[in-house]
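Below you'll find only one chain, the form predicted on its own, shown as structure tokens.
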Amino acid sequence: MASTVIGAGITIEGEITTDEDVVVQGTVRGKLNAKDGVVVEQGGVVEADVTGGPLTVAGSVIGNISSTDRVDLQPGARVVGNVKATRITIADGAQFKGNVDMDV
């Protein structure tokens, strides 16, 4: 399975749409739509609305999240925004501010 990696030190502003996984190590501002899923690694920053498949956050997301699958907030994650997903896990040490909608 192919992945698009936005490396540390890279900032992308605008709209990203892909059928592949997206791994964010740098910064994304705007909109992010990844059908296969998104991973925001520790140190990664997403200031965007995120839609797509499963989402794993170890870094920071400021924006609304809409997942067709699950959202996993790992220790050290910081999310500010509303989350819509079928499942959500929030690990000890993760910060979350917003609303959760688990409408199937």
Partner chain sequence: MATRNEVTLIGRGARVRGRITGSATLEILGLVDGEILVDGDLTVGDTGMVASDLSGRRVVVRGAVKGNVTGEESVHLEDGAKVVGDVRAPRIAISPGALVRGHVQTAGAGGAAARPRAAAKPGAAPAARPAAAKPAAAAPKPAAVPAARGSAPRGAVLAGISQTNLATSHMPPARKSPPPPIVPALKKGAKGALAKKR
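These numbers were taken from a predicted model, which means no experiment stands behind them. Numbering follows the first chain given and starts at 1.
Keep in mind that the form predicted together with its partner chain is not shown, yet the notes after this line are about it.
- At the 4.5 Å threshold, heavy atoms of Thr17 reach its partner chain in the predicted complex.
- Its partner chain is not shown here, and in the predicted complex it never comes within 4.5 Å of any heavy atom of Gly93.
- For Thr11, a non-hydrogen atom is located within 4.5 Å of its partner chain in the predicted complex, even though that partner is not displayed.
- Contact annotation for Asn99: none of its heavy atoms lies within 4.5 Å of its partner chain in the predicted complex.
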